[in-house]
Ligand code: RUB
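Just one chain is shown here, as structure tokens, and it is the form predicted alone.
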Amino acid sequence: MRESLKDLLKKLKSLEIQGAKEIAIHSLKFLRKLAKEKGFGKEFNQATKKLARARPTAVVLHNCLEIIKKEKKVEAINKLLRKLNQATKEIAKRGSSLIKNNYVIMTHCHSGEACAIIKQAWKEGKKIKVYATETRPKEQGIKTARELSKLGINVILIVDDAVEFFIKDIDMVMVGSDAMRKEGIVNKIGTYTMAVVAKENKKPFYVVGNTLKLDRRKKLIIEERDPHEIYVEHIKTLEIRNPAFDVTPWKYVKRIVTEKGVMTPANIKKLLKSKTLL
């Protein structure tokens, strides 16, 4: 039985499915089934619009939908799914070279691509330690800590505000990304703060992301989530703001690990000026 659009949207909005790449993969698999059954007509178009609005900050799905609109073929969807899966494998290989034996890595939130690099380094026999922030308010960093520790990696889970306290003990920061824009890296709220702390303490700050995360959209929508994620009690005079993402300027980023290589911010800015998505 095919998963309904309503069920998929619920999973995306509740963060049961999280991460720009995973949002795209789950959405593409749903759209592939829909296209096979109903074609690329009105129902397909309505589904793409609703999926795009569900998590507007993450750009991978947007870029994939732009490609599908032009080609309108099931094979175009298959090609994108293959690209996303293969990109993670390439990123893991390229990124693991940055991690030396006995390195201590700090990370934030949950990034499948950043975790893939850490796992690859571990598989290569490198002794590593990871500091993972819990990542308030939805605690996505606990998913990272659990995933890596199950492999036998030494993981230390810390609260977000302890980044400055532990930064002296680490060799590098490595985080994922939801979008890469001319202004900088869009990632989970708190990434900018971590980058500033890393810079002040002369620790290299690496970002991980496949090239479908290149964001050429004119406007960036920073998703603001339900205030009840922070505090459930209603107080008439209390306003709660819950932005899910922030933008880290390029000046704080040492390198970006993509499936096409380990790049400088200048390399990424050049790619952003290109019109090619694949």
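Position 1 is the first residue in the sequence shown; the rest follow in order. All figures in this text were calculated on a predicted structure; none of them were measured in a lab.
Not on display, but discussed next: the form predicted together with the named molecule.
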query: In the predicted bound form, the one of G112, P204, P137, G190 near the named molecule [non-hydrogen atom within 4.5 angstroms]; finding: G112
query: Partner-facing stretch of 193 to 201, 67 to 75, 104 to 112, 152 to 160, counted where any non-hydrogen atom is within 4.5 angstroms of the named molecule in the predicted bound form; finding: 104 to 112
query: Partner proximity in the predicted bound form: R55 to the named molecule, non-hydrogen atom cutoff 4.5 Å; finding: yes
query: 4.5 angstroms heavy atom contact with the named molecule in the predicted bound form for V257; finding: no
query: Close approach of S177 to the named molecule in the predicted bound form, 4.5 Å, heavy atom; finding: yes
query: Partner proximity in the predicted bound form: I23 to the named molecule, non-hydrogen atom cutoff 4.5 Å; finding: yes
query: Residues of 75 to 104 having any heavy atom within 4.5 Å of the named molecule in the predicted bound form, listed in sequence order; finding: none
